[in-house]
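What follows is a single chain, given as structure tokens, in the form predicted on its own.
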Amino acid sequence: MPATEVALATSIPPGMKRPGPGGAEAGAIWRQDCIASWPAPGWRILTVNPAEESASLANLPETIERRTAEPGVAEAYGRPGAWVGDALRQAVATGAPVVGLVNADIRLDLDATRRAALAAEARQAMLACNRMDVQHAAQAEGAAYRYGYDLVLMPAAMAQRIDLTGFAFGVPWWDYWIVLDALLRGLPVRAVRCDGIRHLAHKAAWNQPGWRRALRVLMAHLAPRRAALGALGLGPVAEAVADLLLAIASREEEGYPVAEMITVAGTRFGLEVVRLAEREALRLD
């Protein structure tokens, strides 16, 4: 059995709903295809789930290792799930030199050459990988999605320095913060475009309250490190947006139009994080 080179953590949901051709339900098959796509020689796969989901995951293949999640996600976000930081720590605990996170609705159409290239690059830097959106499972080409990272790989030593407290799978912002946290620490990050990282397009599953709550978590992490943000050379608009969010992200209850301002400013701040990540980019064909 090959030595573990990459330990990849996720949180497989008990079920999945996705639109297919002609409006047919394709979620169950897509979920199955995603799960089957992750394992490979040298790649170890963990799913981290709350205890109440354990029974529904009993039929997972032996190539997927189940781990019990730390509690608290349902209380924080109103839906069961796993903390991203917990999953990353569990990946690090395997002892693999490269660790990572993947969203559970991502299918990895990666041959051995591309897996080897990703693993080699991830020994040197954090790889924040964009996905390709497809409309059905058999679609050969689709649109690249720049504004999020559904597969993130990094050296295990780097992962131990990243603080993902308060971020959960299935809720936005964790992928932006993992990139920004690394950059604020002076760690190397590369944005990766690879058409083999595939996602079946669907309507957003998150809600605005959860989006704004996770943004508050990000801003709480950022607040004591505001000076380091300036050193990244974002520019005056980006820094002004960050300062606005630091001032208002936790004050949504003060009434109109604070929530709307948070949404607009947060969206712009996310674009700035993407631009930062793309300063060092890699195309993997």
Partner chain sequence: MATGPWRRRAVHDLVFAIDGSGWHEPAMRDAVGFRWSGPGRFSVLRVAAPPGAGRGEAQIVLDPGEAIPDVAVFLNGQRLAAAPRRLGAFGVLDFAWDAAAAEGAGPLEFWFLADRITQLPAPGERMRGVGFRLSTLTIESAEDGPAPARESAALIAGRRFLAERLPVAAGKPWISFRSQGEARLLDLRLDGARLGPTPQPHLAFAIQAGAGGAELALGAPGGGTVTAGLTADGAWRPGIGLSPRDELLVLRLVGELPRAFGRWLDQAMAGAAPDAELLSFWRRQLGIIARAADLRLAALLADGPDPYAGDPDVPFAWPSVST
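Residue numbers count along the first chain shown, from 1. The structure presented is a predicted model; accordingly, all values stated were derived computationally and were not measured.
One more form of this protein should be noted, the form predicted together with the partner chain, which is absent from this view; the next part is about it.
Colleague: Using a 4.5 Å heavy atom cut-off, state whether Gly142 contacts the partner chain in the predicted complex.
Modeller: Taking the distances in the predicted complex, the answer for Gly142 is yes, it comes within 4.5 Å of the partner chain.
Colleague: Does Arg193 reach the partner chain in the predicted complex, with heavy atoms at most 4.5 Å apart?
Modeller: The answer is yes: Arg193 has a heavy atom within 4.5 Å of the partner chain.
Colleague: Arg146 versus the partner chain, in the predicted complex: is there a non-hydrogen atom within 4.5 Å?
Modeller: Yes.
Colleague: Flag Asp163 as yes or no: does it have a non-hydrogen atom within 4.5 angstroms of any non-hydrogen atom of the partner chain in the predicted complex?
Modeller: No, Asp163 is distant from the partner.
Colleague: Indicate whether the candidate residues Ala117, Ala281 and Asp285 are all in contact with the partner chain in the predicted complex, with contact defined as any heavy atom within 4.5 Å.
Modeller: Yes: each residue has a heavy atom within 4.5 Å of the partner.
Colleague: For the chain seen here without its partner, which of 134-142, 72-80, 100-108, 87-95 has a heavy atom within 4.5 Å of the partner chain in the predicted complex?
Modeller: Result for this chain: 134-142.
Colleague: Identify which of Leu180, Leu127, Leu200, Ala168 has a heavy atom within 4.5 Å of the partner chain in the predicted complex; exactly one of them does.
Modeller: None of the other options qualify; the answer is Leu127.
Colleague: If you look in the predicted complex, which residues in 56-75 sit within 4.5 Å of the partner chain (heavy atoms)?
Modeller: Nothing in the stretch sits within 4.5 Å of the partner.
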